[in-house]
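Quick setup: one chain, the form predicted alone, written in structure tokens, and binding and motion questions come after.
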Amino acid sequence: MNPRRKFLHTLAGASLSMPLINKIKFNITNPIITKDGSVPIILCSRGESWGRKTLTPAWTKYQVSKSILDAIEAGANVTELDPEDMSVGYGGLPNENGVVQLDASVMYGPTHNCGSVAGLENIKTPCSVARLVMERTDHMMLQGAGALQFAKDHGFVEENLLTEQSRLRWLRWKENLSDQDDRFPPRDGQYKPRKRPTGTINVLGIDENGNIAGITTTSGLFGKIPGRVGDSPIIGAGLYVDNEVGAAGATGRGEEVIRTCGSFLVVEKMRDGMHPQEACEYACKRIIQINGGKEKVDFNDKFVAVNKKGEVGCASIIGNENQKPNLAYWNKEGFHVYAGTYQIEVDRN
């Protein structure tokens, strides 16, 4: 084992083996799948509806190109280009100034190389720009104006990302921020969401030779301070891939995923022998632990993962019987939806 990797591996194991984690139990537990999975496989961090939209072109692309990178990019692009999705790409929810800023990352297992963009404006498909950062530069992240110029240099066309639907959502949010300012809400009443929306999609894949790749793409936290960067473009937080182990991605409150190196943690737990389901649950427990217990948690995070065998896992911090976390995947047997587990039950009805 590489000395640096061995050091990180030892450090991760030593610092995270805290007794409190073992005391945090999940309300609903899937039986762990012990049989071998199936590769090739492509998965995304959403369920039936968006899963089919994303994975159908991704699987078709893989059948034609046999490139797992091409396949997951094609899948992620579907969500990025769809204005009906208000959390990724075109039509994404803007920052507090009404500007859509996008983050994305890509990582490829065989080379262990990666690329990302942060705070990218006016480009609909940030994951495609992130892939070019990985393949056409010696850097791993470009942000802001530099990321935009790089995209334009490679032929991407600037476009307005703010749809009328997302603009109205932003305006209503601004009008309800305070009853002390000069903005008035619409006459239909004081609308204020209980939580500020977040949204992201992870697309992970393994080809028939066992090579692994992953993408995470998002418009980030709705109403964020301009310049805020979440976990999605940060390798090891919103995405991590190891060709010998598997891949993991995160959605939800990015700050919590960053300070736990969430996706890296999931992959390292799989390296230690955990099933992807157990590893995703462990990462959720870790976040709850560092926040002082579930009574202190008023946010959600979710992890999805796939191991080298093609076995999958999915867990979130918050859910209920009617809104369990899930993922969708496509393998040789066709399309599937996998129900995950959650830790804290809340009424979302």
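The numbering used is simple: start at 1 and walk along the sequence shown. Quantities reported herein were computed from a predicted structural model and do not represent experimental measurements.
Quick note: we don't show the form predicted in complex with a small molecule, though the next part is all about it.
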Proximity to the small molecule in the predicted bound form, single hit among G92, G115, G246, G230 (heavy atom within 4.5 Å): G230
Within 4.5 Å of the small molecule in the predicted bound form, heavy atoms considered, which of L142, I235, L221, L161? L221
Partner absent here, but in the predicted bound form, which of 261-269, 205-213, 131-139, 247-255 has residues with a heavy atom within 4.5 Å of the small molecule? 247-255
G199: heavy atom within 4.5 Å of the small molecule in the predicted bound form? yes
